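Next comes just one chain, in structure tokens: the form predicted alone.
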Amino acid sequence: MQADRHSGRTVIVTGAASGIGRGVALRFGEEGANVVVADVTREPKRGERYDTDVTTPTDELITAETPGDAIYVETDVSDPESVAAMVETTVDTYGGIDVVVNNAGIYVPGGAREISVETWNDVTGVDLDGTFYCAKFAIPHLVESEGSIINVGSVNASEGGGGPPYAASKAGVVNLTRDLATELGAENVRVNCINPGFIETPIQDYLTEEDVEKMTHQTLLPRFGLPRDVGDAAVFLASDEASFVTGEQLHVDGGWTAHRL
């Protein structure tokens, strides 16, 4: 691990109180970054199967156990005013922004006949609109720092599944990534997307034990990934080592999509 790869850089990670976002935020902290934990709640979620005993808020863990620094900023990414305030707080605290990781997302199971219009709007509001809002308000600062945006999509972005608002939102995130990369490339701002497969987080509580066994069997590397696996990909994509990588989507899925697309 190159502990100084992001030393002194300021990184916003949305949805960083729990799950994948927490793993991403911790990895940037290990790399020496100033991490803004942007989430609707500071307390980490506990799952029935994964993260059953987490208690320490992500910002506290980063400050106590890594070379990095961290603050928590209460943020509802579906609310543009909340996002604008979070960006302003970040700049006031750390002087700028180098990386934005748009990870915040929600998932509600159900098909088109079961999911209400309100639920559709809730999911797309966080998963797609929130990604756009965070990018929009951070772009002026990222242009100044020649920074990068990392969006978090899903394997469901290309294969369907996960319910109409989730699959549609994640597909939108992938193409939003390409569009932002096209817009910002001339200003040396890179934009990439990570598409996770099945990761050990509390969001997987909806799965039965039979589901877990089935999904594990269908993953070429027969296990669920860890939040840290996604974090490793994020710190690479945000690093100088990826300076010629933009507009791409990286599957961190244990080979899930290799035999399904």
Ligand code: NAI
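This structure is a prediction, so every number in the text was calculated from the model and none was measured. One rule holds for the numbers: they count along the sequence shown, beginning at 1.
The same protein has a further form, the form predicted together with the ligand, not shown here; the description that follows concerns it.
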Practice problem: Decide whether residue 90 counts as a contact residue for the ligand in the model of the complex under a heavy atom distance cut-off of 4.5 Å. | Solution: no
Quiz item: Taking heavy atoms only, is residue 133 within 4.5 angstroms of the ligand in the model of the complex?
Solution: no
Quiz item: Looking in the model of the complex, any heavy atom of residue 165 within 4.5 Å of the ligand?
Solution: no
Exercise. Would you check, heavy atoms only and a 4.5 Å threshold, whether residue 199 touches the ligand in the model of the complex?
Key: yes
Self-check item: Residue (of 41, 218, 56, 63) lying close to the ligand in the model of the complex, criterion heavy atoms within 4.5 Å
Solution: 41
Quiz prompt | The single option of 128, 106, 139, 181 touching the ligand in the model of the complex, heavy atom within 4.5 Å | solution = 106
Quiz item: Out of the stretches listed (63 to 71, 33 to 41, 231 to 239, 209 to 217), which one is close to the ligand in the model of the complex, meaning heavy atoms within 4.5 Å?
Solution: 33 to 41
Quiz prompt | Three-residue site 21, 152 and 204 fully in contact with the ligand in the model of the complex at 4.5 Å by heavy atom | solution = yes
Quiz item: Going by heavy atoms, what in 44 to 62 lies within 4.5 angstroms of the ligand in the model of the complex?
Solution: 45
